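There is one chain below, alone, in structure tokens, taken in the form predicted on its own.
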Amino acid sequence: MSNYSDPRADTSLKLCEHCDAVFRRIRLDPGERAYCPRCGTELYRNNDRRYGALLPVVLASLIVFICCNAFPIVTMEIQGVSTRTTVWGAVRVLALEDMLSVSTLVFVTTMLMPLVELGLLAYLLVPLWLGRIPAGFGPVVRLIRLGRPWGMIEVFMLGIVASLVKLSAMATVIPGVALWAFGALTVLLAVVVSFDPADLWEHAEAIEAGYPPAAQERP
């Protein structure tokens, strides 16, 4: 762990989310993490490498997200009758079957919140990559952190797999394009959520102070 030579470090403070202790940030080497000496909670880590890869991952996630919702999840054949559905089709059917609360929950956690988070991240990362700070930077970062717990693509994916295993005993189940896309999106979102959006403040401050991230560190 080396001292942070950037003058911005003199005013960079970090609050422990568990014991509320305040520490002055220091520059970490790649792969290093800082822990609270009072309670042992991880305070922050060196995210330079992941920051550089975040924008391509976010853009790839948006493309895969479109595939998830544009193609059928699965095709089922029962006694010669074939049916297929998309995520939006499942939401509509649930609503028509008087299960509005379940329909709303599926829509919010698998469609709305993941799309909002990816869209807001792209809104922040593209201007940062160009060396500019987008309007409303602070409120957007806070909005991403508030909405993140409501994105539950991985739970939805587990539910689909469990349902298909049970249905395979009663019907012929053919996985659709969206099912594979959901698998890829689950992996991509795991990478996205491993990055704390609050760390984007450090990169925004670097631009504001006239220290734009080096080309190899850009998202």
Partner chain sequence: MNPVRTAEQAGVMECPQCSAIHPRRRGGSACDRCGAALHLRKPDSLRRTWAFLLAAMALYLPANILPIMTTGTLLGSQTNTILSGVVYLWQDGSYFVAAVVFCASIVIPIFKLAVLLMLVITVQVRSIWRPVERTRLYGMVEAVGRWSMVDVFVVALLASLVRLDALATVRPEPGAIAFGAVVVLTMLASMSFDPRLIWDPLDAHDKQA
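Between two forms, the rigid core is defined as the largest C-alpha subset superposing within 1.5 Å. Note that the coordinates shown come from a computational prediction; the quantities given were computed from them, not determined experimentally. Positions refer to the first chain, counted from 1.
One more form of this protein should be noted, the form predicted together with its partner chain, which is absent from this view; the next part is about it.
With the partner omitted here, the residue from 70, 63, 155, 190 that has a non-hydrogen atom within 4.5 angstroms of its partner chain in the predicted bound form is 155. Interface residue among 149, 119, 134, 131, judged by heavy atoms within 4.5 Å of its partner chain in the predicted bound form: 149. For the marked spot (34, 46 and 177), a heavy atom within 4.5 Å of its partner chain in the predicted bound form is absent from each of the three residues. The closest heavy atom approach of residue 57 to its partner chain in the predicted bound form falls outside 4.5 Å. Its partner chain is not drawn, but in the predicted bound form it has no heavy atom within 4.5 Å of residue 28. Using a 4.5 angstroms threshold between heavy atoms, residue 102 counts as touching its partner chain in the predicted bound form. Proximity of residue 93 to its partner chain in the predicted bound form falls within the 4.5 Å heavy atom cutoff. Residues are counted as partner-facing when one of their heavy atoms sits within 4.5 Å of its partner chain in the predicted bound form; in 65-95 these are 73, 74, 76, 78, 79, 81, 82, 83, 84, 85, 89, 90, 93, 94, in sequence order.
Comparing the forms between this form and the one not shown, the C-alpha position of residue 21 differs by 2 angstroms or more, with the core used for superposition.
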